[in-house]
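So this first bit is one chain, no partners, the form predicted on its own, shown in structure tokens.
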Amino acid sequence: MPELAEVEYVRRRWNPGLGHPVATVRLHPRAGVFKTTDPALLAKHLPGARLDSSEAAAKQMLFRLTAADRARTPLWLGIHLGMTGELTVRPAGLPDEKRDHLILDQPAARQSLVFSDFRMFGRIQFHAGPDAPAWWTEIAPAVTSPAFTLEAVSTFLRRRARAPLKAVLLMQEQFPGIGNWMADEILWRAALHPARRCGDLSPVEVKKLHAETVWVAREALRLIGAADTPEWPDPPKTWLFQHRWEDGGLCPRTKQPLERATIGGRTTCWSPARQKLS
């Protein structure tokens, strides 16, 4: 599933649509991506609306539009990619495909903005009105923001003292945007075993975990999220990411074998020579 940096990268694919009006909307109203939204609202409000801006938070994207009505109503279009969601820009006039669930046609720009998802684990959300919807405002503060403090992380870990670190790092209410590979990367850099109980960490280890979470998120956004390439790039070979799925893969620091197992319900990779379970 795309994580913080990949979501930021994919969001930017619709940048060519900024400043242009949406002439028509094509959608598959019975698709699973509309499970929390009435697609009739999109069909009603989006035609004629201008795409003004976009941003990403955690694993969610927000596209702000201005409606064509007399009140110039602000519109809020949220997209969660799920596991297989994609945003693309296609030349105008092409027919939709079975996996395309939302198409915003911009004939003035000779293009269409397309959200496709063949497994339909993604989600589309929509709101019309001046105030930001709860599904956006209730996303936890970014791990790269000043609100992601050492104190907040320490408190969160104490309240989940018996839970394994890997499972807690995937909890979006405190670590928004952190997914499977980023959690493994953070723990590897902090030299913490993914099965360690949160309550067993010393203050020094909690500080290290906090610092590495911020560092990995910032570097992933710089290397992946801001990339200007046809596909998002992978982190460099000095990262665990490049070795975590290799059979017989070696830790890039210790050069000793890596291990994989299911921890916290997710496939997890770590370096036994570096991340010891006391």
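What you are looking at is a predicted structure, and each value in this text was computed from that prediction instead of being measured. Residue numbers run from 1 along the displayed sequence.
Not on display, but discussed next: the form predicted in complex with the DNA.
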(request) Work out which of the listed stretches, 44 to 52, 210 to 218, 64 to 72, 241 to 249, brings a heavy atom within 4.5 angstroms of the DNA in the model of the complex. (result) 241 to 249
(request) Could you confirm whether V153 comes within 4.5 Å of the DNA in the model of the complex, counting heavy atoms only? (result) no
(request) Classify N15 as contacting or not contacting the DNA in the model of the complex by the rule of any non-hydrogen atom within 4.5 angstroms, answering yes or no. (result) no
(request) Using a 4.5 Å heavy atom cut-off, state whether R99 contacts the DNA in the model of the complex. (result) yes
(message) Please determine whether R197 contacts the DNA in the model of the complex, using a 4.5 Å cut-off between heavy atoms.
(response) yes
(request) Could you work out which of A108, A147, A134, M83 is the residue within 4.5 angstroms of the DNA in the model of the complex, going by heavy atoms? (result) M83
(request) Answer with one of L94, A140, V89, A163: the residue that has a non-hydrogen atom within 4.5 Å of the DNA in the model of the complex. (result) A163
(request) Check each residue of 102 to 128 against the DNA in the model of the complex and list those with a heavy atom within 4.5 Å, in sequence order. (result) F118, R119, M120, F121
